[in-house]
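Just one chain is shown here, as structure tokens, and it is the form predicted on its own.
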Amino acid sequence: MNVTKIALPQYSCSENRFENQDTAEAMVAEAARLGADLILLQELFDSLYFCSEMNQDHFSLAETAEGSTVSRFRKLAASLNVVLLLPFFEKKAPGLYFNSLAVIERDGTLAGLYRKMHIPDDPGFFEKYYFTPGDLGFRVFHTSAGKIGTLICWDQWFPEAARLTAMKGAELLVYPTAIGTIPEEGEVDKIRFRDAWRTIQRSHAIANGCYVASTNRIGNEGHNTFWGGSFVCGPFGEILAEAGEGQEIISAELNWSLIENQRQTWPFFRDRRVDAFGKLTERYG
């Protein structure tokens, strides 16, 4: 495919995960009706963002990749003939959990998993309590809808993650996300953080000459207020589609033929000083 149409559903979640799955399914079906080939759901798509607190009961939300949730959406992808990117709370073994993303091909097969590599631990975002750092490395999936590099939320702040994923052949970087404000932050903080969040991801598109898609949740959930702003940008960082703060589906066309021209114009891969980058493997200094 020379052109892929990507869609990003943006919605709020409730305490009822089955209602959330129904919402996601309806929005995926609508995106497919509107012509989407590839659909990206938000981080932890079928639950509240439970990481705002440390509560052992929340581990009950986790499922294996062979569980009922992934199975349900594999059937949905096959019925709609779309590639579906499904972030979920994965249980690998007792006491071993990941913040994961399942890549589902248009025939319903599970192409593979990505497990979030960078795990934050901030006020209102206590993810280290729940998630083990990813053990599969940075991944690229050669799907029928394009070469997709899978990353999740906190990964988006690390240029090394974007670069390594692009170096594996990704033409699209995706970042399912749960980001917003906590009670101590006001409207000015929100504007600053949202601008930084969008800017860093646009910079990954520019530096790597690829597309970037980032989908965020919306609504008030306990201590957090999520502000949406899901977007898709092109390989020069140009915004192709952007959501507001309400429930909606945004979409954009990804023209893969533009990537080579962009990388010829700004040949960052050619000019990287790989002979001088050894210190990147050190923590500091």
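Everything numeric in this text was worked out from a predicted model, so none of it was measured. Residue numbers run from 1 along the displayed sequence.
This protein has a second form, the form predicted in complex with a further copy of the same chain, left out of what is shown; the following refers to that one.
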| said: Just to confirm the contact call: exactly one of 88-96, 199-207, 67-75, 105-113 touches a further copy of the same chain in the predicted bound form at a 4.5 Å heavy atom cutoff, so which is it? | reply: 199-207
| query | Is there a heavy atom of F268 no more than 4.5 Å from a heavy atom of a further copy of the same chain in the predicted bound form? | reply | yes
| query | For E184, is any heavy atom within 4.5 Å of a further copy of the same chain in the predicted bound form, or not? | reply | no
| Hey, in the predicted bound form, does R17 get a heavy atom within 4.5 angstroms of a further copy of the same chain? | no
| task | Evaluate F138 for contact with a further copy of the same chain in the predicted bound form, applying a 4.5 angstroms cut-off between non-hydrogen atoms, and reply yes or no. | result | yes
| Hey, with a further copy of the same chain in the predicted bound form, do R33, F226 and E248 all fall inside the 4.5 Å heavy atom range? | no
| query | Who in 254-285 is close to a further copy of the same chain in the predicted bound form, meaning a heavy atom within 4.5 Å? | reply | R263, T265, W266, P267, F268, F269, R270, D271, R272, R273, V274, A276, F277, G278, K279, L280, T281, E282, R283, Y284, G285
